[in-house]
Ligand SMILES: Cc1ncc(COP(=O)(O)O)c(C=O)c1O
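As a starting point, one isolated chain is supplied in structure tokens, in the form predicted on its own.
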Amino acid sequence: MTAPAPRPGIMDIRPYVGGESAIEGVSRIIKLSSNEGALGPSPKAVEAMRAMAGEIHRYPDGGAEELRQAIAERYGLDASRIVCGAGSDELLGILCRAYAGPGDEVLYSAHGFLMYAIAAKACGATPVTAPEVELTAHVDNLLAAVTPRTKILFLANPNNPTGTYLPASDVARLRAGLPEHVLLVIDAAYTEFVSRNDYTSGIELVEAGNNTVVCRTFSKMYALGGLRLGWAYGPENVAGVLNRVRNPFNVGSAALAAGLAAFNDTAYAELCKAHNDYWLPWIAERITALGLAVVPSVCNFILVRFPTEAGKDAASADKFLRSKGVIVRAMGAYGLGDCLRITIGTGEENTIVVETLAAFLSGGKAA
């Protein structure tokens, strides 16, 4: 018998694998593999989710009206051009489905987020990468990779997993150099962590034309990864497309309630930002002092490069960390096999990571 066959290219997709959460035989886990919020969600978000538990038999607000209005008022945006999704991942996928297909190309930088290639292949398009310079997206290399078949350019700014970013002037130059038919999608998932005067999320480029979209998420700063909530802001033409292609009730009631409460709890968000502002340089400085290379990051994680020497390499370090109950993220899938990505955790977790790496480098062996 012949089984139903998927479209060409589907079986070429390597499924996305999230950061692990458990190690067999280890009771206490320190999970620093998924860039989740170190302090967890706002207590007000948890309270809001619990308060609506008795209403989960009702369909959610399909237009996410209240949340979109809150976002629009804070950032001075047009609420009608905000589209919410089940995480920004869903919105990235919808954009690919709507604007790219067989024979088209989807472009991004060499060490960009893995979901870009998955989204491209899922709609039959071809993913194309452009070389980075010092683990940072490079405007000229991206522009040089554009062809008549390019339909979307995904720019993670800041980028996961490198933690690097392009200043606003470079992003503007990128947009100016792209053909008008190419949709620039700025994935600004980590924008709330950035404290650089030359950085913007790219909203101003959305307002300047009809071919740029900015995607944001509630999974990082707002620590709502388990609920799946994100939003996109684009020109009227793109917002109209997203609303036609997305599912009518694509964001659940719990996510909407918790998201609104988290968004409005600005004091808690400021606490989370202050926590990251303190611990990001702290852990980077101490790991650098151990003799390892740390890529400068503006996010809530760091990328650490290890020697290639057997027993001192990234794979050996990962194994040692896991033996002590510490889960970080191996980077082989990103073409960075000599690196590990480490999320900023609580103060205790950050201290344990540094101490465990010090023990590994001093000759410790995995259990």
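Source: prediction; values computed, not measured. Sequential numbering from 1, following the sequence displayed.
Note that the form predicted together with the ligand isn't included here; everything after this is about it.
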Option touching the ligand, based on a heavy atom within 4.5 Å in the predicted complex, out of Phe193, Trp279, Phe113, Tyr99: Phe113
Heavy atom within 4.5 Å of the ligand in the predicted complex - the one residue of Leu229, Ala119, Val214, Ala137 that qualifies: Leu229
The ligand contact in the predicted complex: Ser219, any heavy atom under 4.5 Å: yes
4.5 Å heavy atom contact, Ser297 and the ligand in the predicted complex: no
Proximity of Asp89 to the ligand in the predicted complex, heavy atoms at 4.5 Å: yes
Any non-hydrogen atom of Ala156 within 4.5 angstroms of the ligand in the predicted complex: yes
Heavy atom contact within 4.5 Å of the ligand in the predicted complex, the stretch among 76 to 84, 184 to 192, 232 to 240, 146 to 154: 184 to 192
